[in-house]
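Only one chain is given next, in structure tokens, and it is the form predicted on its own.
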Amino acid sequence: MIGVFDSGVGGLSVWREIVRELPDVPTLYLADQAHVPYGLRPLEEVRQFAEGITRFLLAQDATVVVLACNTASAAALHYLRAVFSQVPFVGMEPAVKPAVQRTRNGRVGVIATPATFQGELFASLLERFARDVHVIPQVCPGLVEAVEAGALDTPETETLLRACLEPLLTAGIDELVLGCTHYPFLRPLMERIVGPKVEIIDPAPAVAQQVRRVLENKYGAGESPAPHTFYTTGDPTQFAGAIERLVRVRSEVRPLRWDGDEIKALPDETDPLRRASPP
């Protein structure tokens, strides 16, 4: 069982690739929409959220946990591996290494939230892989909220995205790294803005391949058949609509609530879950 979490709908871009890579493995997806977006929060606070979510997913029999959120990965991946030393974790990191390998002119742009750039993970990536390449970090205010609202191709979102990307285009980048899992849902709009000379790199497929390697190495392949269960700490009706809109899966969503540092099911939520079919 694969547990996947994010602050909201962005991690569905990773979940989608995991299901394509491992169609016979059931998943649990948890959107912490009570606290979305994570990107503007202190790293210590995000770390606390990530620990509470991990405990919940493990209680639901998750055998591997995927941090489908760059901010949570930057804030909590090393911490979670230390606290839950017997649990395999797969996190997100901006795809700086492949971008550096592919760039033709030595200029790479990375778009992400402030917390992602503040974490030790990003600094480590630059130190290990980008010493001879000019990597330009760019914060993109408002994009996570636009994706959460379903505003994927509106004039307002295009204005936000142009304001984010124009400094990178002016700097002459030829590789654009998506450092937030919400951003792949804006890819069609990005491609119109950056044009064919800029390659866009989404790390989600590589993350899905790593999940496969972890499962095969630790547990053996396959757990068939594969139901998929969705939870949110926000509005389950709105999240169900987002799942159908973004990844074309129709499913009921189970509501959760935070009780201090713990996540619990709502007291009146007793009906059996209806499982989603794969995309």
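Here the structure is a predicted model, which means the values were calculated and not measured. Throughout, we count residues from 1 along the sequence that is shown.
Here the subject shifts to the form predicted together with ligand DGL, a form of this protein not shown in this document.
Of the stretches 207-215, 56-64, 34-42, 242-250, only 34-42 has residues with a heavy atom within 4.5 Å of ligand DGL in the predicted bound form.
Residue contact check for residue 180: one or more of its heavy atoms lie within 4.5 Å of ligand DGL in the predicted bound form. Within 4.5 Å of some heavy atom of ligand DGL in the predicted bound form lies at least one heavy atom of residue 144. Shown without its partner, the chain has 69, 70, 71 in segment 59-93 as residues with a non-hydrogen atom within 4.5 angstroms of ligand DGL in the predicted bound form.
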